[in-house]
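Just the one chain here, laid out as structure tokens, in the form predicted alone.
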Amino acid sequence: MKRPRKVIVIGGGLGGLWSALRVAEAGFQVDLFSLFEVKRSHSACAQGGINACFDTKGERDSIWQHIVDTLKGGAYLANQPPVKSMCEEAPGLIQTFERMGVTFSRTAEGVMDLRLFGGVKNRRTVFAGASTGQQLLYGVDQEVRRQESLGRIQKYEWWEFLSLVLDGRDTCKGVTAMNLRTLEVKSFRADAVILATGGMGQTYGHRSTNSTNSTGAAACRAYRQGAWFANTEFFQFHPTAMLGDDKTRLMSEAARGEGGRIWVPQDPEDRRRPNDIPEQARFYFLEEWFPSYGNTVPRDVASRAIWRVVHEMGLGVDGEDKVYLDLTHLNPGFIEQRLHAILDIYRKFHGSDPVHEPMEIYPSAHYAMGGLWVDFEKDEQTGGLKFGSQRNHATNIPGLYACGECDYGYHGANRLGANSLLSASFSGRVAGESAATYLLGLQDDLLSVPEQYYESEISRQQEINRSLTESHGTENPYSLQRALGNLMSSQVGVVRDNDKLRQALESLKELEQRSMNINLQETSNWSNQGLVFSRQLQEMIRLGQVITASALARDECRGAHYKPAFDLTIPENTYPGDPAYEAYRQAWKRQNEDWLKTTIASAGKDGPTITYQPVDLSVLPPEEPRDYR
């Protein structure tokens, strides 16, 4: 009897669940690994909605406009064919979610309701109140549970991915993973592996909106075994995050899309309560600087505007790093219905009610546009790998796929709001289908892979655990992560400078050395959380080096990567046709000749090695600069 083919999926968010579902539906076995119950995956934290063109508001929206907005919003850095496919398939994906039981918000007439999000002029965002990600995750999980009941999927919840198992040809043939309760390290054989492990926001520590499990450690482990990272310098800072001592919490872009306004007092010495400050004493800077889009400019533009108001103009509220996000002028019943989830978060953690008093917000590390490099195919002439046209989510390691936020594929230099749930779902589906196709073409049998590859990898991981557990160093891992977050936020943040980036690289190397001198103060072989965290911390520091080295190498301003020394500013009061504007556009085109390319980071002996690859511009040649005025 022929052994059934098997795929291992790492990650239980939307990307991982969609991958597992498509592989199982193709008739193959799936082992699904997650750090916790899949319903707690970070996809549940996405609040505002998911983009798809339905045009139920009669605004003459189109799929083509969705494509244009996404490519322009990403400063033209995304490879364009996969973006085109994603936008074209978005409406059908939403209808599939509906058939899974997801209840999207609807108008009184019963048609799909839509809201406005940043970087667009048409209402295109489908939503389920302000907990859309949670509803989508639960919908797909029900389908996965059905496959689980049929014996096609087996879940390993509370297990952590530690490494790939590569055979003698450097082909991925399984993984090692650790039971987070017993700390047992085991190997698992598979014909292919799909990484869907989410973002790396915890590289920025408590100054990130991400869950404490969004460390990027899994992707970094694959990187150190030969997988490539792409475009990691492009890290999105969400403009509207609620500050906190423990962490920052996302206040969805839906708040701006539903009419929220961002402002500061015109007088930096004005210490009155916000409701006591009259309209004429308020500075609605986004509306003044970007009249076409106002408060719904893209996230990178809004974050830099807030940075400018606070740090260059000295207008932060009460002299601190914060501005107001105001909903008080909107109908209380309306915003309660549309934004209930985020209003509850703010009430709980801030202690005031956004219905009656403006929220205090500031940009916070939120989303990695970069991630594992994907879309390779076999070169029939050389037998090696080349940049593929199939868009199949394969990495440069044969047998390894990546999807969701841990890949780099759809957002270029900046992600438009509500495209994250779309890209996670779409890429997960594509990765699952591609892995199934890969299995159909396999000639070798997994049982022929010598056991030594699995045993040696288990021994290597056990030795790492032993050395950390028995270490009697002087460093506290939690203090080191606090230092890492402060370093990344201050020197690799919204605004960047080459001198500070060089200093950051040196500091990160020092932190890496210090992370080898940890004292866990706990030797337990059962549920040792200090051990688990310390291993993740070391990967976060290495990720910080990849992000910083990529940022240092790119001397331009594009999307979320902003170096004032290389900025090309649109001349004031000029528009297309003006000589000054046309001169600016020509300078922008010359800059594209140098920098419209994908950053590739590979693991070198002394740190990341940076190279570049061209961007596929076959759908929309970048003729016009981004202009949101």
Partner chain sequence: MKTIQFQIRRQDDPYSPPYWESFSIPFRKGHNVVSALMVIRENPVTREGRRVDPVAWEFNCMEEVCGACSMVINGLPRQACSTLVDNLDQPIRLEPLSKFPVIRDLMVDRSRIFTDLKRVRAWIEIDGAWNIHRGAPRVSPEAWKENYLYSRCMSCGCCMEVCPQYGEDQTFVGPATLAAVRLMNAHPTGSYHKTQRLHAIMAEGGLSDCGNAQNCVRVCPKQIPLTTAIGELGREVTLQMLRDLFGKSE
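No experiment lies behind these values; they were computed from the predicted model shown. Residue numbers count along the first chain shown, from 1.
Quick note: we don't show the form predicted together with the partner chain, though the next part is all about it.
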{"item": "The partner chain in the predicted complex reached by all of 85, 308 and 360, non-hydrogen atom within 4.5 Å", "value": "no"}
{"item": "Selected contact from 189, 282, 145, 500, since only one has a non-hydrogen atom within 4.5 angstroms of the partner chain in the predicted complex", "value": "145"}
{"item": "The single option of 514, 121, 482, 460 touching the partner chain in the predicted complex, heavy atom within 4.5 Å", "value": "482"}
{"item": "In the predicted complex, residue 448 touching the partner chain (heavy atom, 4.5 Å)", "value": "no"}
{"item": "Exercise: residue 348 in contact with the partner chain in the predicted complex, heavy atom 4.5 Å", "value": "yes"}
{"item": "Contact flag, residue 469 vs the partner chain in the predicted complex, heavy atom cut 4.5 Å", "value": "no"}
{"item": "Interface membership of residue 158, the partner chain in the predicted complex, 4.5 Å heavy atom rule", "value": "yes"}
{"item": "Residue stretch of 299 to 307, 227 to 235, 471 to 479, 285 to 293 approaching the partner chain in the predicted complex, non-hydrogen atom distance within 4.5 Å", "value": "471 to 479"}
{"item": "Contacts with the partner chain in the predicted complex - residues in 122 to 141 whose heavy atoms fall within 4.5 Å", "value": "128, 129, 130, 131, 134, 135, 138"}
{"item": "Relative Cα spacing, residue 337 and residue 99, in the predicted complex - shift of 3 Å or more", "value": "farther"}
{"item": "Closer or farther in the predicted complex: C-alpha pair residue 480, residue 320 (3 angstroms or more)", "value": "closer"}
